[in-house]
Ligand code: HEM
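Only one chain is given next, in structure tokens, and it is the form predicted alone.
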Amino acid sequence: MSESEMAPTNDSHRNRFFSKISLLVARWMIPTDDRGRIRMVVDSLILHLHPSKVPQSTLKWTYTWGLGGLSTLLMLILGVSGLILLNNYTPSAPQAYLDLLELRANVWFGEWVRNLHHWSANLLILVAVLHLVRVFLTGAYRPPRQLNWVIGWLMLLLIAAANFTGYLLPWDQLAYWAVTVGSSLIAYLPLVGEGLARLALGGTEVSTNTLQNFYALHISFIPLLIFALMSYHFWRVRKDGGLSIPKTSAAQEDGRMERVTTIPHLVQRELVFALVWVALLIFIAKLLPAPLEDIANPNLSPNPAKAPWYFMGFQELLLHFHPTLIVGLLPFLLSILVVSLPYWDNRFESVGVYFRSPKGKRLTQLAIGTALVVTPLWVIADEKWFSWVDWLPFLPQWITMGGLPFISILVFFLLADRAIERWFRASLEERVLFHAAFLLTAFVVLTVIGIFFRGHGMALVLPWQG
């Protein structure tokens, strides 16, 4: 018997297996009269989020890697664990820190719940970034999905804000000084930076007012925005025709009717995926305690004082460029490029195809390899030898650390774009892929350098020396 003939048999065995488990659970937990009604409600909820049938090719987990579903699962875990933590927390200094000590010592499963909340929040940032990267690599941001792409970008920014506001709540040394450094980045914004920083901090420095502001944002405003955007995001996915698939696959799907029902085929996979991740997170929360240092002391600054890990790339860049460029101009230009991307990179032929083409895959590999080599070499050169400030001391720093470096970077990318177009005969979408892969890899390298290779006075050190 061929493999194609065996596949339906294997699927039917799995379906019967999951059906038996579901039936046993239902008989044990739910009264007979209520089972039908509950099943109808659950099925209606599932079909509200999913179409009744999905292309069979989209069931391959290596296409989406389950990143969107995992983001949703993490949000639910954060919501439930956050509500539990609320009952044992007071947003005032120093009581916030004392509450965490009480939580660890005397509340049943208190430390485990906090660990689960902490690691789920950190994982959510990684998963959200990877989800956005997956959408970019498959060209799934193109019309009619351009609005969902923008919503995804906004949710990523809100997730970062949720993590940042929650970072201060333990009120220990790590949180206090990380937020002090992180909030100082806001002050570098042109014109409005100092006002926004003062508004967020509730004064001129991190204090009890800051703790209360961050607490209010963390438990109400930001989560409500995320859940509202997430609900609309799900609706748009279905409105826009579900997951994007390659044109060739779409034609095959329409011709051969290779579609399967959402219940049970997709739901079973989502259920197993969710259970595996819940078990993994439970294990991580049991094994790795969330960090908690000594109580916050404004008079005892650690050396070095670092921002939260997801802002370390920006802190590293601040060592090399003018703050206005890093905090103001570059994030603004990046947001403009991300939001406008579906409107000028809108070829439909490669939608749903990873890396656009074989050439696009090779260019992506070239970009990643180049960034892995060039970025640390540039950091070392800029730290040891290269300095516009020393070479041109008569010019203001906004030129020597802002204008000139920015022009140099712009020229580098223009020359690289011209070379790629000429040598590889790359299309616009393939060149966009190269530049995006280079920038993302470079930022990851800068983040790693900031976390592990910056020691006393933010000097470059080896991790085992610093």
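From 1 onward, residues are counted along the sequence shown. Note that this is a predicted model, so its numbers are computed, not measured.
Keep in mind that the form predicted in complex with ligand HEM is missing from the display, and what follows is about it.
Engineer: Though ligand HEM is not shown, can you say which of Val181, Val237, Ala371, Leu201 has a heavy atom within 4.5 Å of it in the predicted complex?
Structural biologist: Filtering the options by heavy-atom distance leaves Val237.
Engineer: Of the options Leu341, Val353, Ile226, Val327, which one has a non-hydrogen atom that comes within 4.5 Å of ligand HEM in the predicted complex?
Structural biologist: After the contact test, the surviving option is Ile226.
Engineer: Using heavy atoms and a 4.5 Å limit, would one call Thr441 a contact residue for ligand HEM in the predicted complex?
Structural biologist: No, Thr441 stays farther than 4.5 Å from ligand HEM in the predicted complex.
Engineer: Is Ile336 one of the residues lying within 4.5 Å of ligand HEM in the predicted complex, judged by heavy atom distances?
Structural biologist: It does not: once ligand HEM is placed as it appears in the predicted complex, Ile336 has no heavy atom within 4.5 Å of it.
Engineer: Does ligand HEM come within 4.5 Å of any heavy atom of Arg134 in the predicted complex?
Structural biologist: Residue-level check for Arg134: yes, a contact with ligand HEM.
Engineer: Determine whether any heavy atom of Ile420 comes within 4.5 Å of a heavy atom of ligand HEM in the predicted complex, and answer yes or no.
Structural biologist: It does not: once ligand HEM is placed as it appears in the predicted complex, Ile420 has no heavy atom within 4.5 Å of it.
Engineer: Look at the candidate spot formed by Thr208, Ala305 and Val389 and say whether ligand HEM comes within 4.5 Å of a heavy atom in all three of them in the predicted complex.
Structural biologist: No, none of Thr208, Ala305 and Val389 comes within 4.5 Å of ligand HEM in the predicted complex.
Engineer: What stretch, of 192-200, 380-388, 110-118, 312-320, brings heavy atoms to within 4.5 Å of ligand HEM in the predicted complex?
Structural biologist: Partner-contacting stretch among the options: 110-118.
Engineer: For the stretch 148-166, return the residues whose heavy atoms include at least one within 4.5 Å of ligand HEM in the predicted complex, in the order they occur.
Structural biologist: Result: Asn148, Trp149, Gly152, Trp153, Met155, Leu156, Ile159, Ala162, Asn163, Gly166.
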